[in-house]
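Before any questions on binding or motion, here is one chain by itself as structure tokens, the form predicted on its own.
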């Protein structure tokens, strides 16, 4: 069977009161000083988050290329009349997400105040499908007691205490409260992305055969810290009774690896309908918030990202995932930026007798530069596009003076939240799918890189790529 991309979904969850539990803010708040108060003073309301131009591009209401025409800073130019709903995504509010966390909790880890309730009308149909009866509700005195004893983390909504998340073992750091909150957040946001995919693609939940999770988390206990299986937990929560699955782990490259695996499973006839899903990374909330605060900017890393993609057999209308053009970075290759892109882009295209300019669009690490530049981390997508253009010039495919035009034509501004795996090229798939079905684009290559050296087991980088074409 020819594997095709049938649908793509991008979601955001605005969680301002959870930013404090991101890895960097949590450590900063433990130091003497006013960091936590400064952080809270720079958090954005939901309306600003919905009207933020990169977020509108993320859910499909704005083409990424249009960001180049919006004055900088983007956070100072919200889009009037912006909707939190988009053609292939939506932005969820914090109160609704807390209700999803309740549904995700099967072990009484989350305790909410009996008097708290989510917004009456804020939930989308996809979110309502995931909201069940309230979980364990505890008296406020019990919540306060658990927090004061150090057993639990406080949960706030718009600055007011509404509950807590407790640890589930006194000695197992893998079952500490913040780790469990990270895992539940990935599960709930992933299930929301999957449920929205089912709704928008009109895919019956019972017809999902296999789920591959590309989320960044390590679910397990002290004897198996990253055992998983988040894919199966997401499938259960989203109501997919016939789906098995597995987690794909490759740092930020995992979404593209997962797409390659899904396409291979469909092409081999092992499964008919595979879904790649990624929930948000709570640990990466507020990674650069201290720099944003220093520059008197709003804290822009206040959203959890979510993605979901349906890979199925050819329906005659959807673009195919061309496994013959899948790229990989072998262990014997250099881990330099040039070496990685040569392996992921140049070599698979050369095998098929194609040149770099034959691909209409390259979706690389699509980090929002407004988040990274103030922290001194540069414009990550632009750096990648410059390297690709330089490679095209070195190979004699374009003249050196054509480099700027190549970047404009084949690239785009970054628009994805800095959630690690979420920016890894795949947020562009919704845009590519719409353009290919409209006949305005023929091909896109999704390129993701992974920093394996962060785990201290190797000095190498990693990466994967795949071409989607009509």
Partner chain sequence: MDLDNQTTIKQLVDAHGMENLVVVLGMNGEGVRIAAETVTSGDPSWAGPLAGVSLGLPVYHILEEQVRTKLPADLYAEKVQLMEMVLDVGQIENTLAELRRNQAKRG
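Worth saying up front: this structure is predicted, and the values here are computed from it rather than measured. Positions refer to the first chain, counted from 1.
The discussion below concerns the form predicted together with its partner chain, not included here.
**Q** Does residue 403 reach its partner chain in the predicted bound form if we count a contact as any heavy atom within 4.5 Å?
**A** Output for residue 403 is yes: heavy atoms within 4.5 Å of its partner chain.
**Q** Give a yes or no for residue 119: in the predicted bound form, does one of its heavy atoms lie within 4.5 Å of a heavy atom belonging to its partner chain?
**A** No, no contact at 4.5 Å.
**Q** So in the predicted bound form, is its partner chain close enough to residue 336 to count as touching (4.5 Å, heavy atoms)?
**A** Answer yes; at least one heavy atom of residue 336 falls within 4.5 Å of its partner chain in the predicted bound form.
**Q** Report whether the minimum heavy atom distance between residue 203 and its partner chain in the predicted bound form is within 4.5 Å.
**A** Answer no; every heavy atom of residue 203 is more than 4.5 Å from its partner chain in the predicted bound form.
**Q** Exactly one residue in 232, 320, 291, 357 has a non-hydrogen atom within 4.5 Å of its partner chain in the predicted bound form; which is it?
**A** The residue in contact is 291.
**Q** Identify which of 390, 244, 175, 326 has a heavy atom within 4.5 Å of its partner chain in the predicted bound form; exactly one of them does.
**A** Contact check passes for 390.
**Q** 80, 85 and 129 - do all three of these have some heavy atom no more than 4.5 Å from its partner chain in the predicted bound form?
**A** Heavy-atom distance to its partner chain in the predicted bound form: none of the three under 4.5 Å.
**Q** Quick one: which of 148-156, 189-197, 94-102, 380-388 gets within 4.5 Å of its partner chain in the predicted bound form, going by heavy atoms?
**A** In short, 380-388.
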